[in-house]
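Two forms, one chain: they're shown below as structure tokens, one block per form, named structure 1 and structure 2.
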Structure 1
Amino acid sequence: MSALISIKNVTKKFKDLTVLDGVNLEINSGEIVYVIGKSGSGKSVLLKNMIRLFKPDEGEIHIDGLDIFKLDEKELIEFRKKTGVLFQMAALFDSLTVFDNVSFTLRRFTKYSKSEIKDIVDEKLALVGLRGYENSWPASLSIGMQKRVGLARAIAMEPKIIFCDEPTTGVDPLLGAAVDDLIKKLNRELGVTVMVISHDMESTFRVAHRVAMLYNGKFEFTGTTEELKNNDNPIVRQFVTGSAHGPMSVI
């Protein structure tokens, strides 16, 4: 079985700085894969390449059998319907209600009736535990609730894949655990494949099926969480344990 996501020899540079140096990674359908690494390791740059905000200098990214950088505008719209994105700070539209935020892509890219859209929004908000908040404004919600609205919006089109950028950043440990549980629930109940960018090791060990660690533009480790726990690579061990001492600079 071919991978749902295939990253092949992807390189991305900014002037003289090589952020991604020929990275390779495959993600299978139904997996939750965490990409971890210290700040500045290239995690977010990799994500931005995968959702076509950036374009690699070299290499290819294939998602669901498509070379995403060879898609024309119409094909790109169809591709985006297969993917959902939860941005780091949820990135909700402040001028829109929760209902309008979650229904945004449905109204823009589908021909569903108003009643059909309402049913979908009700279903997605119920799934993330926010039924009854349809008329709320983002500013009135906690950060954790905003992230849940962001997840509801990400799954509104019933995508095959969800990309999450630091989903537990900015929330307390209890809310972080709740977000983790929600990601697992969406994976289990909807069957979505999930790629998470994170430096939260507790979240990684709670949720991930597999983990890939970026360091100096390459993947220093790829494997299961159990393999990560037992890995004796000093760079990997330093990051997992959060030690200030080791081969990896903390600056």
Structure 2
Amino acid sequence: MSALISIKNVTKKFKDLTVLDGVNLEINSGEIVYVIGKSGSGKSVLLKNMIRLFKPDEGEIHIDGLDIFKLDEKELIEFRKKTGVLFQMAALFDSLTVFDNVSFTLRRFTKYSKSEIKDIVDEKLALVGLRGYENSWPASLSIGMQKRVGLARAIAMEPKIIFCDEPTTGVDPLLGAAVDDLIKKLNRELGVTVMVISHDMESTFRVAHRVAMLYNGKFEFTGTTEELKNNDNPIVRQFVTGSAHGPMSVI
């Protein structure tokens, strides 16, 4: 069986800075894959290539059998509909209420009636524990709440794949655990394939099926959480144990 997502030899540079230097990764349908790595290692840049916000300088990304940089207009819309994205800072539309944020694509691209849309928004907000916040403005919510609204918005169209950029960063530990459970639930009950970017090791061990660690523009490690735990690569060990001392420079 071929992978749902396959990243082949992706290189991304900004002027003289090579952020991704020949990255390879495959994600199978139904998997939860965590991409870990220290701040600035290029995790968000990798994600932005996978959702077509950046174009790699070299390499290819195939999702669901299609090269995502060679889509025609119709395929692109299909691609957008089957992928949901949670941004690092949530990126909610601050001129729209929570309801209008979550229902954004439903209102624009579906023929659902007002009451059907209301039901879907209700359901998604309940899922992220924010029922009753429909009429709130994003600016009045904490970042943790904004991220959960962002997740509700990302799953409104029931995508096949969701990408989450640091869903638990800036969220208190209890809420972080709740977000983790939510990701597991989406995966288990709806079969959603998930790629999560994180440097939260607790969350990684709790949720991930497989983990890939980005270091110096390449994946230093790819494997299961079990393999990650037992890996004796000093760079991997340093990151997993969260030590300031080791082969990887921290500052």
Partner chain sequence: MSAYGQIVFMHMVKAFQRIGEGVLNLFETIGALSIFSAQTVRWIFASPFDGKYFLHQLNEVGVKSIPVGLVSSFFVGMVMGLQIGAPMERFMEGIASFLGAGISIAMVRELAPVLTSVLLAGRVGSSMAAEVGTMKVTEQIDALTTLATNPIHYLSVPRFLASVVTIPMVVTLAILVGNFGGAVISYFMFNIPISQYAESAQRIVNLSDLLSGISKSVFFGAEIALISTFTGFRASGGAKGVGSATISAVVNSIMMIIVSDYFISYLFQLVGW
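The first residue in the sequence of structure 1 is number 1, and each one after it adds one. Here the rigid core means the biggest group of C-alpha atoms that line up within 1.5 Å when the two forms are laid on top of each other. Here the structure is a predicted model, which means the values were calculated and not measured.
In this comparison the chain labelled structure 2 is the form predicted together with the partner chain, and the other chain is not. Relative to the superposed core, residue 112 undergoes a C-alpha shift of no less than 2 Å between the two structures. The Cα position of residue 157 differs by less than 2 Å between the two structures after fitting on the rigid core. Superposing the two forms on their core, we find that the Cα atom of residue 73 is displaced by 3.2 Å between the two structures.
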